[in-house]
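To begin, one chain is listed below as structure tokens, in the form predicted on its own.
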Amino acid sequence: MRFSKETLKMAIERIADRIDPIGAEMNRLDGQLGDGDLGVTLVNGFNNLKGIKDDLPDDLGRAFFAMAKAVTAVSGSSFGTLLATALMAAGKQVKDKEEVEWSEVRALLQAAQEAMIARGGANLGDKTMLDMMDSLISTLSGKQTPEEMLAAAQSAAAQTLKTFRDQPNKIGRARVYAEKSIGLDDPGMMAIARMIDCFD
């Protein structure tokens, strides 16, 4: 099976079904370095996505845009804005297509990352979810099937968290607590890692 609207529906359902405990964890992590609302953003966003998943259009570009609109409708947070930005950027890559090869997922992540950098102002190395995205983009090179992509993504996510854990956050509210952030996982990075884990 190729990457299609059904893939997006499955992804939404799997994450939404586990979003409550993930949200609680993210609120706790975010509360150590920021305003503690990341979990709320994730819970509201994926609950809203679950509500629209059965109405997603077949066109992947329009489906991604609909998902971005659903996230924006319930979140004005920086994470929600960046997530919507990522979804719209991915949508532009698959406009007028109903399915693509799994190998194209890497290009979707690349487009999403570039749009997030342009919108959010963070740089690679700042200890944000952009660094997690960068690791995923790198590790997915040459991967052709969802099974090998998932295994590679899980491994990359774990390694990225380990690599950045003892570095300070350099952007957003967390930069105010730069020294305190050393030894702590970045909430945005962890959110992506937890979402990847939903596909076990």
Ligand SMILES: Nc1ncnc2c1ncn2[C@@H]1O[C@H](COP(=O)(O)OP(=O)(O)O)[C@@H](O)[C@H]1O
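Heads up: residue numbers just count along the shown sequence, starting at 1. Note that this is a predicted model, so its numbers are computed, not measured.
Below: the form predicted together with the ligand, not depicted.
Annotation: in the predicted bound form, residues G120, L130 and M189 each come within 4.5 Å of the ligand through at least one heavy atom. The contact with the ligand in the predicted bound form, taken as any heavy atom within 4.5 Å, belongs to I171 out of V43, M149, I171, L56.
For the residues V71, A112, V94, L82, the 4.5 Å heavy atom test against the ligand in the predicted bound form is passed only by L82. Proximity of D37 to the ligand in the predicted bound form falls within the 4.5 Å heavy atom cutoff. Along 134-159, a non-hydrogen atom within 4.5 Å of the ligand in the predicted bound form is carried by no residue at all.
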